[in-house]
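Next comes just one chain, in structure tokens: the form predicted alone.
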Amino acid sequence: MTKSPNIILYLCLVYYLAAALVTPGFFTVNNTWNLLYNLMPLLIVAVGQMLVILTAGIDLSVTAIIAVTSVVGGYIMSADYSPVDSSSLAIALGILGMVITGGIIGLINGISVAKLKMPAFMVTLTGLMFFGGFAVWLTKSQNIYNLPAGLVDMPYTSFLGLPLPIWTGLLVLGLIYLVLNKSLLGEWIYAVGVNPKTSRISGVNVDLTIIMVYMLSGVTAAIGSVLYTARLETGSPVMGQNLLLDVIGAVVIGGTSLFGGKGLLQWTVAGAFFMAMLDNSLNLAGLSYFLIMIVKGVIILSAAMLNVWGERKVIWSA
């Protein structure tokens, strides 16, 4: 396992200073909190995506998972549809239902890739279309309102001085760090990404590893969906539909190899922070949605080109 380049840290610092100087409203307390609120769900989804890419896979279905879990949670928690009277119980059941739904979709993706030997791109692209359409069909394109106050207040509820979404992000990061660096599964993930055939011969359970990373990707997408649903105060069938570019961009800009086997959690954190800053500053600058997508696309494509070039020229520091 090689170290990722620290160029992303310099990139984040330079861009932050530049945005603070030229973008009105960027360097303010309110915008800093807004940046952190936007960062947390993106970061949570991105670290799950990172696990999949480390195995040389891809999960394009994460935004559909965000949408369908938002709908599932909305139906369980909304005062208009909830099967339980207690709002606290509804929140607990809703979040549990969202996480289980995300894990099940991830399990389907993982089994399709590992056991049925289907291309990850095709499996997850189909999942993106199917589950995205399923969420719209379930709700007839309508948002779900009247969510419990305990859920919609969560983004603004603090514990030991930090809002709960930040604690949620830190908890997920801590668990993923333990998986990657302190567990056998983490060793298997890197090994499968380097060479699945050799790993299988060496005793690595390749199929189980692939299934687990897709399940973890589904679970992290569901957790991200909880934060999005709470902040937007609605269960939406189109929740996160424009997030896929940011999720993959955070992982790629963070230096995780598209060929698998190389990448570190901290660089994905930096990549997610850069993507959140980029989106935040471009919106404050008043750019249209289409121009923002063009800028993001150029930056992510450039990072992907450097990623591929780095694999061939071995420019990443060892």
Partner chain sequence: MAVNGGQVLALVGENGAGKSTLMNVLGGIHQPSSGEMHLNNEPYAPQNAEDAYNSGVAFIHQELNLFPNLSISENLFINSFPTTKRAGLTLIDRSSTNQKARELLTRVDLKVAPDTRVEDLSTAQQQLVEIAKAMAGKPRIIIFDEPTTALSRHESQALFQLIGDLRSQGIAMIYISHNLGDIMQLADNIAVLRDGTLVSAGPKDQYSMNRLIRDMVGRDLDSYFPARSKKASDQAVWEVRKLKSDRVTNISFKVNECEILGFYGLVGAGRSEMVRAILGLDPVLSGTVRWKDSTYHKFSPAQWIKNGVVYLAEDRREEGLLTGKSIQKNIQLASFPRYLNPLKLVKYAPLDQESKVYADITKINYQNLNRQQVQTLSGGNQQKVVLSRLLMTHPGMLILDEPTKGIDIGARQEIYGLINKLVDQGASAIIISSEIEELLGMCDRIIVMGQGQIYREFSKQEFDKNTILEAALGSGISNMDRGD
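Positions refer to the first chain, counted from 1. Only a predicted model underlies this, so the values are computations on that prediction, with no experimental measurement involved.
Here the subject shifts to the form predicted together with the partner chain, a form of this protein not shown in this document.
Asks: Does the partner chain come within 4.5 Å of any heavy atom of G203 in the predicted bound form?
Replies: Contact check for G203: yes, within 4.5 Å of the partner chain in the predicted bound form.
Asks: Check whether E187 has any heavy atom within 4.5 Å of a heavy atom of the partner chain in the predicted bound form, and answer yes or no.
Replies: So E187 counts as contacting the partner chain.
Asks: Closest heavy atom of K182 to the partner chain in the predicted bound form, within 4.5 Å or not?
Replies: Within the cut-off, so yes.
Asks: Even though the partner isn't displayed, in the predicted bound form is K117 close enough to the partner chain, meaning a heavy atom within 4.5 Å?
Replies: No, K117 stays farther than 4.5 Å from the partner chain in the predicted bound form.
Asks: Considering the partner chain in the predicted bound form, which of I176, L128, A191, I211 comes within 4.5 Å of it through any heavy atom?
Replies: Selected option: A191.
Asks: Of S78, T168, T139, S199, which one comes within 4.5 Å of the partner chain in the predicted bound form, counting heavy atoms only?
Replies: Selected residue: S199.
Asks: From the candidate stretches 155-163, 203-211, 216-224, 243-251, select the single one in contact with the partner chain in the predicted bound form, where contact means a heavy atom within 4.5 Å.
Replies: Heavy atoms within 4.5 Å of the partner chain in the predicted bound form occur in 203-211.
Asks: Across 224-239, which residues bring a heavy atom to within 4.5 Å of the partner chain in the predicted bound form?
Replies: Result: empty, none.
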